[in-house]
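Taking the form predicted on its own, here's one chain by itself in structure tokens.
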Amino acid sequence: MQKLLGNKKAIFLFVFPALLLFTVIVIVPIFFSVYYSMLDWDGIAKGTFVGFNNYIRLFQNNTDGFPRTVLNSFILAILSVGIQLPIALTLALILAREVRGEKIFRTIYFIPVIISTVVIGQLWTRIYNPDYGLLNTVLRGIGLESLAGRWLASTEQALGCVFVVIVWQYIGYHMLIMYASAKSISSEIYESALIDGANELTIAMRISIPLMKPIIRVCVIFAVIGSFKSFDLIYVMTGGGPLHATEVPTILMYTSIFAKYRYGYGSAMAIFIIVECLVFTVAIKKLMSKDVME
């Protein structure tokens, strides 16, 4: 085994197929997108080179509302880190303490992750329906009809309603990652803390969470990047409406390319999303790495 790992030809032989596939599927399209982003092109006729004009147009004299879509994605990212991850962490810490029915709850929480996003979007669209939806039906049934509303048709409530679905779908994903990290902590550490008189809250705050910080950092990155590139659920539920209230950069990019045939402008949005994800990934890793070392 050691000879195999030390053989550079063998390493290259095993790595090359995956590297080639990654290059063809990811790297090459990115370079093509960079090239297209510098063209004024409708996808059919010959494109005109315009340099960085498409990038400038994203934020300058923009009539498509691209800055608004970026703000919406930032709101989703902040809510994901501030609400979704703390709930997932709490559930993970509780389940990791070997509560009764641990395996059952772990499976139940993870079920929404494996369900098709289109199915989830359709399901929650029915739940939010103002006429026959489950939410309004329950509110009317318990005498809170005044709280019933047109959830996905409200510019003030639509983004929050979509976020609730995102939390419901992905909370089990983050929970399972954190749960695995919590379970990997030696039981002897917990036993020593209990002997010293520490309660469950103290153990979680002083032992579990500090030891789980590398995994928590990964979950933060996943949550932020997931918010920046979210598309399918929002597209199914609202299509970016009402009045662009739930529109995010990926949806505007899609409509710009496939509905308005502005391939150059849409490609500029795609490159912006890629750069945005890379920048925030590096920033989060550096900020939380310092925290871990301290």
Partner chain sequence: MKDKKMTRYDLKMDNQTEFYRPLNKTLKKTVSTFIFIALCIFAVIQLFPLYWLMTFSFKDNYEIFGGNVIGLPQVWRVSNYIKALTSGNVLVFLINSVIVTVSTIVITSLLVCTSSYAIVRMKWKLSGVTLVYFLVGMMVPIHATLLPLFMILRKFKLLNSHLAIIIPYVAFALPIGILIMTGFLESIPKELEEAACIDGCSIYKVFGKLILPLMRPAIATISIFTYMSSWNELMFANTFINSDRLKTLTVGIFSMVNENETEWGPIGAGLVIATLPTIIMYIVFSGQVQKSLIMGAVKG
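None of these values were measured; they are calculated from a predicted model. Numbering follows the first chain given and starts at 1. We call the rigid core whatever largest set of C-alpha positions still superposes within 1.5 Å between the two forms.
Same protein, other form: the form predicted in complex with the partner chain, not shown, and the subject of what follows.
Only one listed stretch (204 to 212, 112 to 120, 67 to 75, 153 to 161) carries heavy atoms within 4.5 Å of the partner chain in the model of the complex, and that stretch is 112 to 120. At the 4.5 Å threshold, heavy atoms of I27 reach the partner chain in the model of the complex. Contact check for T246: every heavy atom lies farther than 4.5 Å from the partner chain in the model of the complex. Although the partner is absent here, R217 is not a contact residue: none of its heavy atoms lies within 4.5 angstroms of the partner chain in the model of the complex.
Proximity of G51 to the partner chain in the model of the complex: non-hydrogen atoms within 4.5 Å are absent; the residue sits far from the partner. Taken together, the three residues L58, Q60 and L144 lack any non-hydrogen atom within 4.5 angstroms of the partner chain in the model of the complex. Applying a 4.5 Å heavy atom cutoff to the partner chain in the model of the complex picks out I215, V218, F222, K229, F231, D232, Y235, V236 from 212 to 249, in order along the sequence. For A259, the Cα coordinates differ by under 2 angstroms between this form and the one not shown after the core has been superposed. Once both forms are fitted on their rigid core, the CA atom of V34 lies less than 2 Å apart between this form and the one not shown. Relative to the superposed rigid core, the position of the CA of L278 differs between this form and the one not shown by less than 2 Å.
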